[in-house]
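Read the single chain below, which is given as structure tokens and is the form predicted alone.
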Amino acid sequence: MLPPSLYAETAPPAPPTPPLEGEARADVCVIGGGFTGLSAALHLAEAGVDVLLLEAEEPGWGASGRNGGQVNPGLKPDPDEVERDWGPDLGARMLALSYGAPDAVFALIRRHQIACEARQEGTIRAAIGPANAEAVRRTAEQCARRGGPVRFLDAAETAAMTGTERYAGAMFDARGGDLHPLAYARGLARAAIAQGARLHGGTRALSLAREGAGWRVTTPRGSVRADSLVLATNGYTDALWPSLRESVVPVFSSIAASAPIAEEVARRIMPRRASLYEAGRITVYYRMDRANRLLMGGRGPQSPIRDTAPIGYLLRYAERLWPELRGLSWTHRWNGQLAMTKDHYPHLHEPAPGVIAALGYNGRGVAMATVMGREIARRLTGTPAEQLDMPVTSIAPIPFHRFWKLGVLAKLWEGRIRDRLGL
């Protein structure tokens, strides 16, 4: 059952994904029904591959159905850094993939007629203070040099775009946008099924075993024999594959949603209807949805929440940004786990013959998980690893991973202090 959220209340009904019963056979078994797994299953099915997907809960149950709904372009590192890290050829392909990811998402939505409140009105990366503004300006210049539809906004232009004078500047990227993430996940599931993929919810993968040239996946009430496996569990990765869980840090991100705001007030808040995320160390992000609700997101308790008390700072921050919102009613609050990587890049692994894992989108999962699913499908349909647009790397467990919650909390406090001091 889905945790309570605005998305769970307003999404179209889920397509039927009955639990797996008995023995099954497939060319590819995908484990995980978030954006990565659903995109991989859809693209594989479109290519004529016999694909079966297993999801422990239901498609979109994890962060894919609970995130901020922002379709953000790019990777966390700046373009120049990406090319320094990976070289001019692969680095350029990584940039083309990641900055073009929103276009891929919206094209997929149009092609499969997915009703998910999709809008491509741009993304704003907003800076608090001169130091952050200069860093954002450098990012904008690097994107513009590569032909991106990007421009740097000064403080006055940023205020006009956001309705608040909080920011010293911002980068606007016209490729970004927003959507209803659970509706998108369910739409991907429905499209995959229509293309012939078999999707089974309520079916946790319990163990994996090599069997001949392929693999056997054991589930509570059956098993799957497949030539290839896709591990697409991201922030909810468990011990199914050795050391994969230890290669990422799961971080809870929280969201509060307001009641619909009166039209005359809503017109002054994010009037362009772009989505926004801040450029500080501790990211706050927000957008207005089609019903004039304000969705405020950011880091919060590293455990599930049931009310707004643990994330009251987000509500207070909204009032600081827009004083006219004082007394606004907040009707929903929820959180979910995303996956962070030590190097801030998404990770693509091939830990054994016929096994592909993709995870670690560092808060850019709507766009990046979608295109990573497509890359997985390319690989499994014959594209050599070196021709993929993301590098295939070895799994690298993070030292002292068992202390991740303490580490996250320490980073949160440090980041908040440094952001407030403008360091």
Ligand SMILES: Cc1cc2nc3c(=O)[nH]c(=O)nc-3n(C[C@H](O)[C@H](O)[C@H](O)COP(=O)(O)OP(=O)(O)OC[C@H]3O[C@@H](n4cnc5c(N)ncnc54)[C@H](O)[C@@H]3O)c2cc1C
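One-based numbering along the sequence shown. Since the model is a prediction, treat every value here as computed from it, not as a measurement.
Note that the form predicted in complex with this ligand isn't included here; everything after this is about it.
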| property | result |
| --- | --- |
| Heavy atom within 4.5 Å of this ligand in the predicted complex - residue from G214, G336, P77, G148 | G336 |
| The single option of Y317, W330, F106, Y236 touching this ligand in the predicted complex, heavy atom within 4.5 Å | Y236 |
| One stretch from 348-356, 112-120, 250-258, 128-136 that, in the predicted complex, holds residues within 4.5 Å of this ligand by heavy atom | 250-258 |
| 4.5 Å heavy atom contact with this ligand in the predicted complex for all of A26, G187 and R198 | no |
| 4.5 Å heavy atom contact, L90 and this ligand in the predicted complex | no |
| Heavy atom of A205 within 4.5 Å of this ligand in the predicted complex | yes |
| 4.5 angstroms heavy atom contact with this ligand in the predicted complex for L42 | no |
| Exercise: L240 in contact with this ligand in the predicted complex, heavy atom 4.5 Å | yes |
| Sequence-ordered list of residues in 353-383 near this ligand in the predicted complex, where near means a heavy atom within 4.5 Å | Y361, G363, R364, G365, V366, A367, A369 |
